[in-house]
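In what follows, one protein chain appears twice in different forms, each by itself as structure tokens: structure 1 and structure 2.
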Structure 1
């Protein structure tokens, strides 16, 4: 577990530096077990910072989502660093962003958190539906201790753990300037058994499954907005000329939306699971993303966000790429 005193001290030190503009971390939420992102601009705010298994958000999204305000005449743009706390999976988002040259490495300062897993808030919510006080989740050995309003409960870790953490390949951040704790050994692996299972089903079966899901989508675009890799200024989903999909919420347009979103993340999605987490109607978006992840790994031996020197998957090719599907 990350030592809070150490975390806050380091945050204070970082935010006091001349060349750092802002620090993005986590702070307790207003009720229940949730935490929320904290945007720290001075040493005093750093006292709120926490890191617990409730820190599910991928803060890498904020680095690319920030609106670049026009600079006033005679003023220089603020090019100081932004410091950001990342878990192992989140750090891959940073690597992938830099691989795509979204910003240069020296614009960010990475506070890496070796991670032993975070909870799935939906599971926590289902188990403790009416906690109104601000609660806390801590990991003690293999148990999660949830305390709120004077009561304390212990739950085995695997009961509340997020799905992505049960197949985490990179618990220790792959990029960092400061590491907040000792490195964590890889404790799980990913065999894509869930995707393979789906692949075996018949076409009619698969479509029946997805038809129900896509029909439910309300096109709120939360899944796109939260994604650390969805940062194009001119998004294909909002284009009017050409209009790739209509605004109407119906099966055809929804399917087009899901195909476009998922395809645009082919070879880019780093599997942080944020898209699925924020979906208000519980569409299993990871099952779409994971199909691509499996394919790019199997076909092109490519894993997004693991090597900043790798050129982006779809802007390169190899002469010997597979072509057994070509007539």
Structure 2
């Protein structure tokens, strides 16, 4: 696990640079074992930074969320770098965003965090409910140690680990300027066994399954808002003119929304699982996204967010491509 003293010293050094205006990291939450994003603009704020197994948020989302306000006449926009702390899975979002030319590489400074896994906060909440004071989670060997209210409990790591971490192949960030600890060896693999199981089911069975899931949706758009790859300034799913789908919350419109969004992420989803993590009605959205990821890998031998030199899968063409099917 990352040495906090080294992390904070590195953060102070980075935020003191003239070419850096902000650092995005993690700080303790206000209750329980939660951790929240921190936006550091001065060296003094760096003392609050932490990195623990509770740092589940993908901070790459904030890089593309920033509103670019117009500047007054005669003033120049602030083009200094934004520094961001990323785990291995989060670094794939940065690579995919840069692959899509969302921003140039020189606009960000990446503090890479070799990661041994983060917890699923729903599992933590179920195991330790009603903890209102600030608690701490630390990884010691293969056990997670949770402390709160003067008590301490050890739990086997695999009991609380997030599902995405059990199949993580990139624990060390794929892009970074500074690495905050030694590289972590790959400790898991992904054979898409869960998707293969879903594929075996009949069409009627699959429809009944997703009908029940999509019926729960309240269209809060949390899945879209937290996604590091959903950064279009003008979301086609919200347009009123022309209106591609109605705002009504019913099975038909909910299904259209989720299927459209899954297609929009085909060849772009980096499987950070943020959409599913924040869903207030527990729709297993990663089952849908992982089906598309598996198809893209098998059909095109393409994995998003792994090589910034790769052109975006569905945004390129060759002049010799077939076109007789185009109407």
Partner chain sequence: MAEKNDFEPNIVAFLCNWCSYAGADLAGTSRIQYPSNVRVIRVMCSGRVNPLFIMNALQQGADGVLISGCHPGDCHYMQGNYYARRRFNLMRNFLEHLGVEPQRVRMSWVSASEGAKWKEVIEEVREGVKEVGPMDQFKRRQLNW
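Here, rigid core means the biggest group of C-alpha atoms that superpose within 1.5 Å across both forms. Positions refer to the first chain, counted from 1. Only a predicted model underlies this, so the values are computations on that prediction, with no experimental measurement involved.
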Here the form predicted on its own is displayed as structure 2
Under a superposition restricted to the rigid core, does residue 16 display a Cα displacement of 2 angstroms or more between structure 1 and structure 2? no
Cα of residue 310 displaced 2 Å or more between structure 1 and structure 2, core superposed? no
